[in-house]
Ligand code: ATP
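Just one chain is shown here, as structure tokens, and it is the form predicted on its own.
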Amino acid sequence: MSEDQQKKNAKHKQAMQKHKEKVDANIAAADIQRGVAVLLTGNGKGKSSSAFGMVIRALGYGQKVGVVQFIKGAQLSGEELFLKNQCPEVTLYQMGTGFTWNTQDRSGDIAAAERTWAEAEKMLTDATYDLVVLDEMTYMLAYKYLDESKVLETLAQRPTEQSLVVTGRGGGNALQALVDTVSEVKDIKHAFKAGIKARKGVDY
């Protein structure tokens, strides 16, 4: 090994050691044990996909999971098929009306949202659920289909050990302030804009 390579290796090792010390210190400082609330938002693709990744992660540990899908449900999706066929232990409830721009029925959508929220409330007050996913729920707040104050109060008062994932664009400042983690998925480029049809197994 050349002297130059030895210096590069030594410099890399020193930098990695400092990084490790910083990571270890952050891990040691995190001493609060409770469920976490995550908001996956933004105009990019992948919010629901990320949420279902966490569903699989929780199932890997034998945890109890509940999933409530707002908006989606009129068309079959891969995640729905997988949960129903391979994971019957997961509680799955879907509003089933499809996208609001298809229904064009505000009164009907509000009624469906309230019925769906009633199912979500059952999970959010049941301490046996380790993880609850509220997929596309932010739209229900944006369109004022649900009472925001009531929703936020229920989310805040869920069982201490229960984790929560909410997906959808926006969500409002109050929801962002309530949750522990907010991740924004940014739309940089999308196949659909180039005229490419949605792909089974990738887009739905």
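The structure displayed is predicted, hence computed values, not measured ones. Heads up: residue numbers just count along the shown sequence, starting at 1.
Not pictured, yet referred to below: the form predicted together with this ligand.
In terms of contact with this ligand in the predicted complex, the residue from E184, D180, E21, D187 that brings a heavy atom within 4.5 Å is D187. Although the partner is absent here, K45 is a contact residue: one of its heavy atoms lies within 4.5 angstroms of this ligand in the predicted complex. In the predicted complex, this ligand sits beyond 4.5 Å of every heavy atom of K64.
Proximity of R158 to this ligand in the predicted complex falls outside the 4.5 Å heavy atom cutoff. Only one segment in the set 53-61, 135-143, 172-180, 158-166 has any non-hydrogen atom within 4.5 angstroms of this ligand in the predicted complex, and it is 135-143. Applying a 4.5 Å heavy atom cutoff to this ligand in the predicted complex picks out D187, H190, F192, K193, V202, D203 from 173-204, in order along the sequence.
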